[in-house]
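Next up: just one chain, as structure tokens, the form predicted on its own.
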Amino acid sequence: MSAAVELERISLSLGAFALRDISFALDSGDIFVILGPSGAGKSVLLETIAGFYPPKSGTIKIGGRDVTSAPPEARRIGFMFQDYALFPHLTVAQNVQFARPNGDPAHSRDLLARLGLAALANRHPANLSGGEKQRVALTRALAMNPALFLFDEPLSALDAPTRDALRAELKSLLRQLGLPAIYVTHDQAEALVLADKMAILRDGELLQVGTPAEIFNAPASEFVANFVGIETVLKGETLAVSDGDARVALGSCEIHAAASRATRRVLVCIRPEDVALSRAPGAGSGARNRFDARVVEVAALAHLFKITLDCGFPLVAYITKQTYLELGIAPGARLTASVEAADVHLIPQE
């Protein structure tokens, strides 16, 4: 069975910017999140898939049909923009009906009711909240009977509670419809909540494609590691690999990683939430790494505390307020930092 959506080696030049050899495939119902910094080309990629820009090379297939040269209106794509793109002079019902001007108005009314917008049908966009506008934009996209949804950071302008609620609604609706969707964002939390598959885009190039767990826990490069929030990324040298355990030197210290093989030079990656802190004394070795640590800096985040440590090498941990208070953590405090070998990821450097 062919993929529901398939891009093969899509390249595009747009002024000084270029997309380079973009390839991926989605099955029906997949939510594919493209994560990347500003200027990475996320919106340009969506607009190329939608038909706004003709690619220099490569093919785009939707539902097994080659649409590389098809005009936007022939691609059956529902596109939700960051700025809603609603017509201010049309009512909610008219905005939805605009997607299918020759369609049955009853279908539009049914969609509005399904998304809880029936009572707003006669309002104009100026009289809607941000969350209501996004629901109208989604309803309009649904009215097109799309084969693919494209989402260009549609929740970025909303306040946090509204954004969280709409994100959950959107995922639930996409699950019900069973349609593929491509969603671009620079928000890591949003990517983790929504994605079945995801990719990291930088400077028009996909650096890594995989599941959220693969990308967040096993990044393929230093840029990806830094971008997905791995605060400890250190140069190391592999000393030995035996029975799935790699011993790696970090300066005068050693750390163990779960690995069946490793190059001599590696980057050692440790997510801050995988570091446990305690008052228990003693450093050791084995499957669980334990290090004598001195607290260098304490910073309060939204719901956690960021603890910067000196273990003979720099290490960052995230802990809860309860742990912070129980351990009485302050700069200069002596602790034991622990991390499982399975949570230490190695990136080959040669």
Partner chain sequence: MVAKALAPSRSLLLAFWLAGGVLLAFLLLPLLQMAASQTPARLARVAAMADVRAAIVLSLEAAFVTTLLAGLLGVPLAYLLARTTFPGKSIVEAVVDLPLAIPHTVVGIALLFVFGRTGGIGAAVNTLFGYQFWGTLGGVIIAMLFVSITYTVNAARVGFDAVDPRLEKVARTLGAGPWRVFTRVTVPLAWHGVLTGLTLTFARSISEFGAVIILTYYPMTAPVKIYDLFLQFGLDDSSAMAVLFLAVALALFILFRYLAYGRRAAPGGRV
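Small disclaimer: the values here were computed from a predicted structure and weren't measured. Residue numbers count along the first chain shown, from 1. Rigid core (definition): largest C-alpha set, two forms, superposition within 1.5 Å.
The same protein has a further form, the form predicted in complex with its partner chain, not shown here; the description that follows concerns it.
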query: Heavy atom within 4.5 Å of its partner chain in the predicted complex - residue from Val275, Ala141, Leu201, Leu170; finding: Ala141
query: Close approach of Phe81 to its partner chain in the predicted complex, 4.5 Å, heavy atom; finding: yes
query: Its partner chain contact at Leu179 in the predicted complex, heavy atom, 4.5 Å; finding: no
query: Partner contact for His89 in the predicted complex: its partner chain, 4.5 angstroms, heavy atom; finding: yes
query: Ala246 within 4.5 Å of its partner chain in the predicted complex, heavy atoms; finding: no
query: Region of this chain that lies against its partner chain in the predicted complex, out of 73-81, 210-218, 158-166, 229-237 [heavy atom, 4.5 Å]; finding: 73-81
query: Within 4.5 Å of its partner chain in the predicted complex, all of Asp292, Tyr324 and Ile329 (non-hydrogen atom); finding: no
query: Its partner chain in the predicted complex - contacting residues of 239-276, heavy atom within 4.5 Å; finding: none
query: Large Cα move at Leu111 between this form and the one not shown, threshold 2 Å, rigid core; finding: yes
